[in-house]
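The form predicted on its own is given below as one chain in structure tokens.
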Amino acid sequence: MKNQLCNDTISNLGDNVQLPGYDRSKLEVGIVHLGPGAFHRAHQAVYTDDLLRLNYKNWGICAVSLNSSRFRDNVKRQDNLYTLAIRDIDPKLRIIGSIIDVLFAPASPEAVISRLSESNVKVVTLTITEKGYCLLPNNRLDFENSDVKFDLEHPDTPKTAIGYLSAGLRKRYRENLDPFVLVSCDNLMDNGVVLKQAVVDFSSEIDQDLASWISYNVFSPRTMVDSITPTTNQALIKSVENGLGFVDKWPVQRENFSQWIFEDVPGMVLPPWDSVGAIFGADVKKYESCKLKILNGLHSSIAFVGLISGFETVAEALENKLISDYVQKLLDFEIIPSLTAPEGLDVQTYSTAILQRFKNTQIHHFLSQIAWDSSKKIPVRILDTLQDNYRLENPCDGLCLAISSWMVLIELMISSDVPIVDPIVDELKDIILTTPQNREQVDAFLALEQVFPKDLVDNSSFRRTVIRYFLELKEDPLSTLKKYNCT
């Protein structure tokens, strides 16, 4: 396509577009990334693009798609270039050039494993969402997962990220190469620890010596990432085309704010991302807890309540006073009191800033996107806070209301034949289609061991409150919010 973004056309872009500013032909792959969705391309790839601008030529990215060939097919035609659109008070367009190779794993598993085993590859980053780790509720690898079973039977042609990491490390181990550093960028508590343990658990079924080598030699730091990144849609593609004057089939958008925090692990060598804004050596666990409970917990709560109330985006939902008041009360009385903030972080200021980011009308962050894979998100975003509050004897009604809203949302989506994106979609459909309505449906939801821990399910106060809100929300969501706000 003559007017498509690519190496040959990039010099023709206007002065309003920021270009990479480095010679991409001289870059070397030093990072392999698994799961190059919108968040990676708007976050880690941008930090790396900033690094390449400082002449660190050995940190180019090879992006590996595990499930879909669409990204590869689109960006290959663009020489792996794409546009970052900053949607904020001061909008910007920027071309990102840090991805220099793209592989589609199902089509070429040998090429992916070969790339992972190259001596120049020092780091593997991941954004595969919570479900991509194939974990049990206790955050250990689920050996009953069908893809994990497949990978153990076919270790040279795996399907999962864990299988690929094990295969790449196995090849490095056999060739006497140093291991790469594992960097999880997903919203899991102790994400680095959990990721490494999953790889060790998997590898122990292949070769116990390999598992021991990984256990003693692989660095996998805890990290925290943050930047609101709505999914790419046709409206974004058209807007970017108008701004560039060229077609970009796979742009990304995000707010201006971005954060990347790393745990300090002695002896670990990473790209110098700290020179371009990342933070090394912070108390990641406390930052991670604050972010998961405040930003992610509120995001999911707004998504459930907003969708059953008829809203489409976060900003639109928060324009409704009943939802805005619910969110503020939930924050002030249930989320913040459960936190232990890291030194130097003012939680009130942090929370206020997050709410302002949510209200950014330039970002059309669809509630439906936030609600994807909620069975995996709810335990870490909401239930951990609930359990802390019950232990501390803090209020819990707002969090219970969020859980009930999710249940009502699932019922509405199934009864309206709206597709559900969730790893346990079949179980959710079964609850709605085969269980008598009302209390029995709540009991069936709470019986989902993948979501709800037994000690919480056995809490009679939790069960009563969830049932009460479930029944009220089905009658009138906004009236239920009004009643909650007035108590």
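Predicted, not measured: the structure shown is a model, and the values here were computed from it. Residue numbers here begin at 1 and follow the sequence given.
FYI, the form predicted in complex with a small molecule isn't displayed, but the following is about it.
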>> Is it the case in the predicted complex that 72, 77 and 108 each bring at least one heavy atom within 4.5 Å of the small molecule?
In response: no
> Heavy atom within 4.5 Å of the small molecule in the predicted complex: which of 170, 222, 381, 254?
Replying inline: 381
>> To verify the annotation, which of these, 295, 211, 236, 261, has a non-hydrogen atom within 4.5 Å of the small molecule in the predicted complex?
In response: 295
>> For the interface check, one of 277 to 285, 173 to 181, 264 to 272, 227 to 235 should have non-hydrogen atoms within 4.5 Å of the small molecule in the predicted complex; which one?
In response: 227 to 235
>> I'd like to know whether residue 377 contacts the small molecule in the predicted complex, with contact meaning heavy atoms within 4.5 angstroms.
In response: yes
>> Would you classify residue 291 as touching the small molecule in the predicted complex, given a 4.5 Å non-hydrogen atom cut-off?
In response: yes
> Taking heavy atoms and a 4.5 Å cut-off, does residue 351 contact the small molecule in the predicted complex?
Replying inline: no
> Closest heavy atom of residue 370 to the small molecule in the predicted complex, within 4.5 Å or not?
Replying inline: yes
